[in-house]
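Below you'll find only one chain, the form predicted alone, shown as structure tokens.
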């Protein structure tokens, strides 16, 4: 019931505080449609207050030695691990994932905390002695100031940790605006950040919607913005942030293809592809959404995928037997159903699945069956549009060259994969596929935390990606010092 739902708080200047906006939005459990929390839609004045707190915290934090800045991160790492179960339950209840998916998400977040603890080495500069007679030159890295991240609903725990650890390890203050659809996970995260011992103002949390986002993008003291979400919003945030002189890294949407060669290990390929297409109910930017079979691979792979889709158990994510949870909202379920219908109207055939799902005990939930569409034409809407749901479109090619052309005939460039036992085919695909993340016999080519989360074309706007060395570079600015110390000066002291 709304009247008993938890009202969520902002975290500003080291203190928890209710929003003064007077406007809230319901947070619903996607499996039950029940209201489980109420999130404030914070106003511009509250963003201003949070940024002022970040500026104040930055003054001391940037002077803190880097070896001391990472000490709270070591504590945070241990706290995250100790609270994996609570994270798993919280993410499942507000995002709809299975418990296993929710815990796995947080484990990937922990990896980024661990990598950021290497900041004393990773943010080192460089120097040359005697670039001219008696003159030395050095390049050092310094923090930017207050930086912000605007994060999506599909990974409420992991994606903030793509940015936060690197930002604070390099000496910045960090402000988070999480998705208003899944704000409960970040309440838990910030309780642990508080326990880890970050000084007041170094980390801040402001809940809200578009007004909150625009206030962040327009604030002169916010020096950089990180974003993950749809391409349309990524373009908007990148344009507005850069127009205001900010650094920006904006991860957009995706339409990830996978090529299935005739020589592929079909049992392995099917299992991996089913997990990629239907894991997290297809709501991840690395989900495979198009399968392109080559030649004789078509019939066997199709038959196996139909069986894999039909055997997938849909239900509430805290039930151990559940293999796939609901999509995030009623609006999302309706949109996915509409895209399936449009695909059929444009010539595709539904082999199995659909949005009409009954789950015992969860009649109001936002469930969609694992769906397989065949005979999808390359130019159709379903072939081009990011569904962000458990829908796999099947297309067919006669050769690897034709398949690669189909892979590259799209606006996005987040991920592309190939399944084959041929090293030559894998090398050709790796070289020619237009995508920032490439999978060879992998359905989710998710980079480890010490590699950048690459994305190309309309899947990414910016220069430096999240994670690893790119994260360190994005959150620091380089300063070059050229110095001369003539010998006779030292003799005067």
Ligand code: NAD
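Everything numeric here is computed off the predicted structure, so don't read it as measured data. Positions refer to the first chain, counted from 1.
Although not depicted, the form predicted together with the named molecule is the subject of the following passage.
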**Request:** Pick the stretch from 416 to 424, 106 to 114, 385 to 393, 364 to 372 whose residues have a heavy atom within 4.5 Å of the named molecule in the predicted bound form.
**Result:** 385 to 393
**Asked** For residue 453, is any heavy atom within 4.5 Å of the named molecule in the predicted bound form, or not?
**Response** yes
**Message:** Check residue 237 for me: does it contact the named molecule in the predicted bound form (non-hydrogen atoms, 4.5 angstroms)?
**Reply:** yes
**Request:** Answer with yes or no whether residue 179 is in contact with the named molecule in the predicted bound form, where contact means some heavy atom within 4.5 Å.
**Result:** yes
**Prompt:** in the predicted bound form, does residue 170 have a heavy atom within 4.5 Å of the named molecule?
**Reply:** no
**Request:** Taking 4.5 Å between heavy atoms as the contact cutoff, choose which of 95, 228, 216, 305 touches the named molecule in the predicted bound form.
**Result:** 228
**Prompt:** Within 4.5 Å of the named molecule in the predicted bound form, heavy atoms considered, which of 315, 253, 353, 343?
**Reply:** 253
**Request:** Counting only non-hydrogen atoms and a 4.5 Å cut-off, give the residues of 15 to 35 close to the named molecule in the predicted bound form.
**Result:** none
